[in-house]
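A single chain comes next, written as structure tokens; it is the form predicted alone.
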Amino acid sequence: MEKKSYVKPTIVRHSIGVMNKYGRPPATVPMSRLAGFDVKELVAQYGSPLYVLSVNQLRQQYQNLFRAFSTRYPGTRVAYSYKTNYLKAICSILHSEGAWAEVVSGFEYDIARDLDMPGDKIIFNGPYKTREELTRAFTEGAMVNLDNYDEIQVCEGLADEMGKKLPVGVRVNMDLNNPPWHKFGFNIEAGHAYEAVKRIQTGGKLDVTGLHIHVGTYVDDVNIYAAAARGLVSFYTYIKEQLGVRLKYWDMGGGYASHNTLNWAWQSAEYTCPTVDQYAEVICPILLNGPFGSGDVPKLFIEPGRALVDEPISMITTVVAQKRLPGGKRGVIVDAGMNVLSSVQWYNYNFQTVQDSGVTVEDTILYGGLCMNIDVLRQSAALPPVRRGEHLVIPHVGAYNISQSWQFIYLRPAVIAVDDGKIHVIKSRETRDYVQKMEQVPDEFQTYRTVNRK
């Protein structure tokens, strides 16, 4: 029998937290099953940490969002933002529901084509597109939204080479946020957007057929979207009158919030996160009042990422150690670090116990397992007693944590998908051979071996 670890007794303050409808603090309600499977059994088979996707919830997220917008604006199209989580299985599920692909690099464009997405159902955004990538996009009929004057010049050259006028969208930005998102596209208030559209139209080689704006990330203030929609309508009205522009589409981007609480928020996402209907209700009616008749209504594109994939994916992690910190606070170390949970920079993630640990909770700092002092997953969490080897579940980790993960000290975990009671491995746990496959050690660098041979 394993010997129990010894910890010097200390007197600390405990509480029973805020009661819920079940009569106990939320953090102490055991989450012993995930997507219908026993958490301990999942760890035993696939390891820890472990990402778990609920396919049914992912489909529901898409269906709810599409319903909210399409019932308010005819011709709505949803283009999934690949950068949020570009695992091919996830992209494929969303495409089967009807989503287009929104990509910001040739790498992501290739993924979409590998999944048999036709070029004319791909939106190509981003501030950096190579000439070769743009050539392919135009050849295959993709929608290209231009970000800067250098791209305009490159595309004019491609139009000459291809011997035809090329349709393009123009990305614009407005003074909506603090700080504003001025990095992307052309500013409307400063007149830059008008000058860019004028340059394109008078050049005669490109034709502006779309306007694109992305107001930010995790935007939980629907008024920002209302202001953006009004700005697009006003700008379209002006360039239509002055330059004869006729839009075939406008693209409101993404940035819609998910049910995670931002680190600096004083209220939880339960109270601050708008519904998809609230987003749609402030965007669609404004755009429908644009300068067009019933026969030439521009298509509406939205590019959600976080709102689709964040909530359907959870992470299982395992307690590896705990200690009493100098100020008396408890520190708990788990086997998942910020290398696989990069969004801890923004989110106050919830940590749910798997085992029943009672109702008393203690203020706890949760550390990742990386050998770096900034690897803090939660500065303050009301957590019940936990021991080495016990598990925690972190809900809503599907956005950016996988696509922004990196191999630092520990390799990246497996990702499984649960669909109708079946488990599918959609990304295997990494191995050292996989990570170091691209490395070479030239003979000249074999000093240690050479010396030791002698």
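All figures in this text were calculated on a predicted structure; none of them were measured in a lab. Counting begins at 1, following the sequence as shown.
The form predicted together with a small molecule is left out here; the points below concern that form.
Mapping the unseen interface onto this chain, Y86 falls outside it, with no heavy atom inside 4.5 Å of the small molecule in the model of the complex. The shortest heavy atom separation between T217 and the small molecule in the model of the complex is within 4.5 Å. Contact between R77 and the small molecule in the model of the complex is not found at the 4.5 Å heavy atom cutoff. In the model of the complex, the small molecule lies farther than 4.5 Å from every heavy atom of T317. Residue heavy atoms within 4.5 Å of the small molecule in the model of the complex occur in exactly one stretch of 351-359, 107-115, 198-206, 253-261, and that stretch is 253-261. Of the candidates G368, G305, P312, G185, G305 is the one whose heavy atoms come within 4.5 Å of the small molecule in the model of the complex; the others do not.
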